[in-house]
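Read the single chain below, which is given as structure tokens and is the form predicted on its own.
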Amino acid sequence: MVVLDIINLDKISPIHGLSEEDLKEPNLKKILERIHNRKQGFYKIIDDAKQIKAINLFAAKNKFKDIVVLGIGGSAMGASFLQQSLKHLFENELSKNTFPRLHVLDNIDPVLMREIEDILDYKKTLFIVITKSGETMETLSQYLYFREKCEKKKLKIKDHFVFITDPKKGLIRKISNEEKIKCFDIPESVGGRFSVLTPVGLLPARLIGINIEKILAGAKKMRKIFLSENVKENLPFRLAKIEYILGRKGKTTIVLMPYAQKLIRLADWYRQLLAESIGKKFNNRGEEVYTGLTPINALGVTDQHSQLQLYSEGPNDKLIIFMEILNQMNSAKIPNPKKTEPETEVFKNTSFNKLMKAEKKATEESLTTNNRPNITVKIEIINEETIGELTIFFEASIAFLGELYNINAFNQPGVELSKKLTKKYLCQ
């Protein structure tokens, strides 16, 4: 279960923090109605049993050694964060691994394209092509590249490629129809960055042995909380309201800092979710507002040694969101062979678990002492259910944040000019 600990916001100066009283919202019901009226499917797709059955049937026929995801942005981050969160951190290197290795190619750097080939046996590789529009240049270029490689090896394309795209339109859907290549749908009501709980994230996850039904069970638990009209219960709304209020106080940078190696890709995903959803030139009335919050992903304890100095003594323009795992499951005791040395005395009868918890507690206390707003998202353990809960928790918070800012959190007009200019320069 997800817990949102905001106690430190009440410990710092009111100029930089807030109290429980600030989170009251008499219009929560109306805000929920506005979200419903946008007809976004990110919290409805988790009921699509037909799609889950199709994913499981496809996965049951899996005979591949390697799975390669071709996609960018929201088409790639979901698979990455589910893999990082729910599989062994070194799964691809395990000699006893009984599932395919998953590789997510979320860039078009030619070095990435060429060097992935050094570890692939094309005869035992499945390529998952993911693009919501079916026309994403980066993904199409990847697809064309690896398709040609397979053709040169006389492999049947429909045996080594599967598509995930729009149900009706786009080039990838057209190719699927013409060549009978297996294709899964990204529902029209779900944008790329909100698509983790569609085949975009769930198909790669299922192929590498993740229990996607448990992910969806956790998502449904959080959806119930998201739809609550009780402000104290509605955790996604509370997070959004905190970000909104502090944003108006000048805290326009949001740092998501999990104290768990397994959750760093979740922080990557949230970075896109926040940036692309809330950074908008126009509000719902068509007025120029240039609103937005700048996301930074950090990792505890690593970034205590790279970013903490800035957060502690630099501009007081940030909200730090820690993530804490209450039960890390794995325990690793720290030995202390030199018991007489003062530098190692602190390691007496301790473990990496205790050290990590002490570092997180010390970091939040030092920030609080310096009047730096910080909160903690806590979960008991990292498993499929809690990852499902966290997915809806963060997605729903973005939906609320868009309504608080009176902007459309579900479009991304700011990237269109770059796409047009890219095509222009390619054709010169």
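Sequential numbering from 1, following the sequence displayed. This structure is a prediction, so every number in the text was calculated from the model and none was measured.
Missing here is the form predicted in complex with 5-phosphoarabinonic acid (PA5); even so, the following discussion is about that form.
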field: Interface segment, criterion being heavy atoms within 4.5 Å of 5-phosphoarabinonic acid (PA5) in the model of the complex, picked from 302-310, 246-254, 72-80, 321-329
entry: 72-80
query: Considering 5-phosphoarabinonic acid (PA5) in the model of the complex, which of N234, T198, T125, T139 comes within 4.5 Å of it through any heavy atom?
result: T139
query: Among the candidate residues N316, N97, S133, S228, which is the single one with a non-hydrogen atom no more than 4.5 Å from 5-phosphoarabinonic acid (PA5) in the model of the complex?
result: S133
message: Taking 5-phosphoarabinonic acid (PA5) as it sits in the model of the complex, is N408 near enough to touch it, meaning that at least one heavy atom pair lies within 4.5 angstroms?
response: no
query: Quick one: is G192 in contact with 5-phosphoarabinonic acid (PA5) in the model of the complex, heavy atoms, 4.5 Å cut-off?
result: yes
query: With a 4.5 Å heavy atom cut-off, would you call Q272 a contact of 5-phosphoarabinonic acid (PA5) in the model of the complex?
result: yes
- prompt: Within 376-412, which residues come within 4.5 Å of 5-phosphoarabinonic acid (PA5) in the model of the complex, counting heavy atoms only?
  reply: Q412
